[in-house]
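Single chain ahead, by itself, as structure tokens, in the form predicted on its own.
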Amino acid sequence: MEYSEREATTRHEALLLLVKELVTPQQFQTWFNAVVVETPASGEVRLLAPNPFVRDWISHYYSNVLAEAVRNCFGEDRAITVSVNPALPQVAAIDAPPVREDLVPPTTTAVVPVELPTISDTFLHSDYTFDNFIVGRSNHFAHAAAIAVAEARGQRYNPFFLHGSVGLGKTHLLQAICHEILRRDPRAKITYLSCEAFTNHFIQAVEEGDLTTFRHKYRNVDVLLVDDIQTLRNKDRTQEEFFHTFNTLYNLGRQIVLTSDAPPKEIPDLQERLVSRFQMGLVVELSRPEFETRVAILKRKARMRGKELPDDVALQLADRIETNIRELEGAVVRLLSYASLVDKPITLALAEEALRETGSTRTSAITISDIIDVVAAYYGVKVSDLQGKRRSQSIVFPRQVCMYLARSITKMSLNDIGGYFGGRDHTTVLYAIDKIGREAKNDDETGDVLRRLTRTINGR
């Protein structure tokens, strides 16, 4: 049967609506929102996905859903193919859900910690779910992969290794995976903790001569999630123990999720066999949110606190704060708190006043780690690279900026600053400070960047 172009378009829309009824809103948003349907003259139903990842996932896990939707839409079974059209949009926007003002105080977040059903060092934040994660170009792949891991733990993408600079959403996705797994299987045994906690537990077990209990705890879980795995570096015995824990869980088909500030191969002093295993599954990077995503994050964070952020204020804050999500959330909290204290509506002028007043009181508490994190996020480089031995220009210049800002903002000596950057001596630090200072005077763009970085650091 032949259809007119209008009829075909209507049927394509109807097919996607039928799919939408057969899956959860989050599943449709992640896997089908950017899909295009075609019905060529051959009579088959062709789905065009934006990338191979989405294509493979739909083909593997939603074939029955598609068959049912096609049958209901066309009144018959038809051949279904899923292919890739890279020209399709890669981002599916997620609108922030409305929040009742009578339920959430204006300056606080409603936090209901969720205790995991096994021994862990971390409670789950009730807001850290997939539904509350703002998706943009910088994190779409990581978000989709995290959902895939939660939907079919241990079956694909094991281990799942998520890396990126501070404040870009690694912890949010880690906890969202936990929430989704528990929603699907409340009895799932999950252990979620920091790598530092794993190390401390191991040291305690060695001191007490009770490694059997330690190993039973970590090797008899359904899911192991470890945050900041880069802290394993230089800990040979802990690396040895984690290697065997990893192997045991992997061989049992248990899901392993790890986060780091750098990809496995760039973590210094990490055993090659661990690097190899961390790279066996899926390694995904979270990068800095682009402007549109920053605007959406600001508005969502305000709405979660029962307030609407005016568009002009959101645009101004998004332009001013370019580093990470944590900075954006901090700006919203300070702005809403200030507006409540002075009992004034939120305007551009009030936003400038609030961030200036609250930011200026924190300068003395700024550490060199704060500076390194901000500079790394701004230039899109790894903290480990800034503090390592690499000498490519893409690393050297940001490293010199770090040294300049550290000298300008903190009271650290030249030798102390050099110690944070691979043990460089005071003459290297002095050279960097002089060089960046000259460039700031002679080049307006460099001066603007330094001022912007300083504002961001002072607002931490």
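Since the model is a prediction, treat every value here as computed from it, not as a measurement. One-based numbering along the sequence shown. Rigid core here is just the name for the largest C-alpha set that superposes within 1.5 Å across the two forms.
The same protein also exists as the form predicted in complex with a small molecule; that form is not shown, yet it is the one meant from here on.
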Partner-free chain; cross-checking the small molecule in the predicted complex, the single residue of E329, E241, D385, E151 with a heavy atom within 4.5 Å is E329
Quick one: of Y128, F161, F202, Y338, which gets a non-hydrogen atom within 4.5 angstroms of the small molecule in the predicted complex?
Y128
Could you tell me if Q255 has a non-hydrogen atom within 4.5 Å of the small molecule in the predicted complex?
no
According to a 4.5 angstroms non-hydrogen atom cut-off, is V166 in contact with the small molecule in the predicted complex?
yes
Under a 4.5 Å heavy atom criterion, is N132 part of the interface with the small molecule in the predicted complex?
yes
Residue contact check: T191 to the small molecule in the predicted complex, 4.5 Å heavy atom
no
Within 4.5 Å of the small molecule in the predicted complex by heavy atoms, the stretch out of 341-349, 270-278, 67-75, 166-174 is 166-174
Is the small molecule in the predicted complex near all of N139, I297 and K301, within 4.5 Å of a heavy atom of each?
yes
Under a superposition restricted to the rigid core, does A176 display a Cα displacement of 2 angstroms or more between this form and the one not shown?
no
Take the rigid core as the frame of reference and indicate whether the C-alpha of A351 shifts by 2 Å or more between this form and the one not shown.
no
With both forms fit on the core, has L249 moved 2 Å or more by CA between this form and the one not shown?
no
Compare the CA separation of E329 and I372 in the predicted complex with the one in the displayed structure, and answer closer or farther (the difference is at least 3 Å).
closer
Since the Cα-Cα distance for I372 and L232 shifts by 3 angstroms or more in the predicted complex, is it a contraction (closer) or an expansion (farther)?
farther
